[in-house]
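Below sits a lone chain in structure tokens, taken as the form predicted on its own.
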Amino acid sequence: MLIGVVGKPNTGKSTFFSATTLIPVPIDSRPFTTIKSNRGIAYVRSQCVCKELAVDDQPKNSLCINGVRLIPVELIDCAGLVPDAWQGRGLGNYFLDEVRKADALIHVVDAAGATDEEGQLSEPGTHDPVKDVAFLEREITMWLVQILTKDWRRIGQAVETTRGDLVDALYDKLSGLAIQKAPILEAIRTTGLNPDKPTEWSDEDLTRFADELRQNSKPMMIAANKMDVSTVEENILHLQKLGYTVVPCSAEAELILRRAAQNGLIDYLPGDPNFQIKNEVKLTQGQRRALAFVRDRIFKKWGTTGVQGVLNTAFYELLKMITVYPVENVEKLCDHNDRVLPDAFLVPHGTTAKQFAYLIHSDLGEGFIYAINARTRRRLGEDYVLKDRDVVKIVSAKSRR
């Protein structure tokens, strides 16, 4: 799964990306500081099963710190977007080329309303962030309309002439946009359009379809950035009332903490409600001021910087992922190298035992016999739907795990 970090220029988007990945990227108050996309690894946080199962784990594909499992995920920092990007304005072509690869979007919004629609700095509270969300949605919708319109007549005639399946035809057309069949089918169902007569769809119908397809195939949440500014709370409430998934955050505060922890100045785990200074003497006056800002303006009021909450919400709520632990030995909860609970996988809700076997390795899927629940020792058939925090062994004719 790939998450796109998106938004207009100068909202803290690149700061958010840098805070989650610790990749140094250009950060400036000028629009279009990010010209080309950056990719990096961030971590989704969950409670590891090691404490519940009373074992000392030895993670291989992830991290476990004091019972907190940190699972790596990939983010892409997209170029800033301005109105009419779908027509090529600004860096629209760069932006939309990266969006096509994303499975979901984190829209970093200046919730303080301190930047205008072009990303220029303005007085806090002078711009409505709801407008930013609406314009970004429209840009992606119109981009999809543009793609669909190019071959719509040909696709429609082929479907009607051969009595073909419009979902299959659109899936082939949109395969490069990471769009699966289910969102296409859902968009047709929601709009009530006739899939057997696509040539009869009007331009308005096609736009409605594209808008539904955007919502289903590129789900988006709001990272309401700059939570320390006084004008932010009213704007956050407004966004929430409109039905958006909103998580308040301070990318700047998180970046301060992550860099301080990286340099050994503090103990801090992303998502924690506090931090501990390791050696007061080593801190410069500027570092003391920065940490005091985080403690007084962020933690005392909000309890967290919110950045880890954004990541967790994106994967666990937006993409509906669950965490599953594969083991090879159900008695020792280890792999063939005796590493205890070595791997933690993020998989979509609804994944079956056999589908999970394929995710681990194609040989396991092809030779799947059954799975075993490591907690209960019960056998699980290929259609068993995995639950969050399941620990399972896959028994396969080709290999065993």
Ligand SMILES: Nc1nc2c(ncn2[C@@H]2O[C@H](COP(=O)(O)OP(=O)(O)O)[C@@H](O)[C@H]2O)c(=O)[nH]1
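In this text the structure is predicted, and so the values were computed from the model without any measurement. Numbering starts at 1 and follows the sequence shown.
The same protein also has a form predicted in complex with this ligand, omitted here; what follows describes it.
Engineer: Of the listed stretches (315-323, 261-269, 244-252, 206-214), which one has a non-hydrogen atom within 4.5 Å of this ligand in the model of the complex?
Structural biologist: Among the candidates, contact is made by 244-252.
Engineer: According to a 4.5 angstroms non-hydrogen atom cut-off, is residue 21 in contact with this ligand in the model of the complex?
Structural biologist: No - in the model of the complex, heavy atoms of residue 21 and this ligand never come within 4.5 Å of each other.
Engineer: My question is simply whether residue 187 lines the interface with this ligand in the model of the complex - judged by any non-hydrogen atom within 4.5 Å.
Structural biologist: Residue 187 lies outside the contact set for this ligand.
Engineer: Residue 229 versus this ligand, in the model of the complex: is there a non-hydrogen atom within 4.5 Å?
Structural biologist: Flag for residue 229 set to yes.
Engineer: Do any residues of 1-15 have a non-hydrogen atom within 4.5 angstroms of this ligand in the model of the complex? If so, which ones, in sequence order?
Structural biologist: The stretch 1-15, when checked against this ligand in the model of the complex, contributes 8, 9, 10, 11, 12, 13, 14, 15 at the 4.5 Å heavy-atom cut-off.
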